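Shown here is one chain on its own, the form predicted alone, set out as structure tokens.
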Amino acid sequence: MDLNSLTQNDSEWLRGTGPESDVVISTRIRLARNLAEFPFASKADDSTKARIEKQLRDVLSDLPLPKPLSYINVASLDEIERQFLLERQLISREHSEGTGARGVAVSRSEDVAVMVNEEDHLRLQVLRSGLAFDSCWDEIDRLDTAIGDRVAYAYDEAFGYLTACPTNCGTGIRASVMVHLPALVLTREIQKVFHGLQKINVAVRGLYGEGSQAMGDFYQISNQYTLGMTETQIIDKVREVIPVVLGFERKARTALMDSKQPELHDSIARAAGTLRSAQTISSEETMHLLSSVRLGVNLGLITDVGLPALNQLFVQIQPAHLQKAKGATLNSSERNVARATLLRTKLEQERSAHS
């Protein structure tokens, strides 16, 4: 797959559609799997990693799937290219910064990705726009079966699928939902909600998963453990808490509109104005302002830009995306200028399309 083609691609999971898409950006299910005949990646030397990578690359390139996968040799990519894949949620930070033979197989619509030699030999991933656990599970279950028919997974009758991290043993599943919670942040209710989730062993992470910070008021909500539960039970556990989180966020939005509508509208309008006119702007400020505008769109206070375009901008303004689009390495100041130019261009196009 040519990475340059991805710069022109609208990722399926950023479509801004699907159930509950005013709050839910995407649903993701991941499965961790290891090959029975090899040690875990962390215990494998370079030659063993190369053997694992070759075997899995051959398998993934020949799977009879409705959506064929294209294989990318991550080990051969430079830092910007690896960061580019990370920004598109196609690989993890650990995979980007890892060593030795490793790769990722990706569908054209980017809703399916399979990492090779990350923490585990295989990390299967299916993404969907909006709240879509059922379709995510159906697809990843088919993918898991197709791969499992061709390789022997490391499996124990007592512990289930064996994984490098003990918390993933059992089903090896991580079910997560990426949510946009600006109103809970503005009303300072966010920590109260997260504390409640942690009490029931539901994890809350930043935009790029474990160890990452929240950016643009985006959070990933997922199961904490996998052992002793079936896939359906784990998915249902996360599924049950999402409506509660959505309810809190929507209640906070209503409270802001009822008690502080003029101030809120002014803040959102200023955010939109800054994005449309800035000549240089950092990624941190952009994420904050885009979050405000996205809230404004969902509240009907901004009508000349759509959610799909905003969702795409959250990714397109990231450092590696700007540099891939320019075809050049840019320093921080140059990226800030390129980011401002992109925002002015895209938002003007949206305004024309909605006029």
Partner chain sequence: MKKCRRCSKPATLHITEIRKGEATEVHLCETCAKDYLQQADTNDDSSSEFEFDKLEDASEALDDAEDPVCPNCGITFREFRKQGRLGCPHDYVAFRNELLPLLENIHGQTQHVGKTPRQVAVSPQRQDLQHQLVRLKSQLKAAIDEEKYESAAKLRDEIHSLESQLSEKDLGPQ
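Just so it is clear, the model here is predicted, and its values are computed rather than measured. Positions refer to the first chain, counted from 1.
Quick note: we don't show the form predicted together with its partner chain, though the next part is all about it.
**Student:** Would Glu231 count as a contact of its partner chain in the predicted bound form, using a 4.5 angstroms cut-off between non-hydrogen atoms?
**Tutor:** Yes - in the predicted bound form, heavy atoms of Glu231 and its partner chain come within 4.5 Å of each other.
**Student:** For Ser47, is any heavy atom within 4.5 Å of its partner chain in the predicted bound form, or not?
**Tutor:** Ser47 lies outside the contact set for its partner chain.
**Student:** Using a 4.5 angstroms cut-off on non-hydrogen atoms, would Gln83 count as touching its partner chain in the predicted bound form?
**Tutor:** Result no; Gln83 lies far from its partner chain in the predicted bound form.
**Student:** So in the predicted bound form, does Thr99 come within 4.5 Å of its partner chain, heavy atom to heavy atom?
**Tutor:** It does not: once its partner chain is placed as it appears in the predicted bound form, Thr99 has no heavy atom within 4.5 Å of it.
**Student:** Among 75 to 83, 241 to 249, 184 to 192, 151 to 159, which stretch sits within 4.5 Å of its partner chain in the predicted bound form, heavy atoms only?
**Tutor:** Contact-bearing stretch, as computed: 151 to 159.
**Student:** Could you spot which one of Ser107, Asn117, Asn168, Ser129 gets a heavy atom to within 4.5 Å of its partner chain in the predicted bound form?
**Tutor:** It is Asn168 that has a heavy atom within 4.5 Å of the partner.
**Student:** Between 42 to 65 and its partner chain in the predicted bound form, list the residues on our side with a heavy atom within 4.5 Å.
**Tutor:** Residues within 4.5 Å: Ser42, Lys43.
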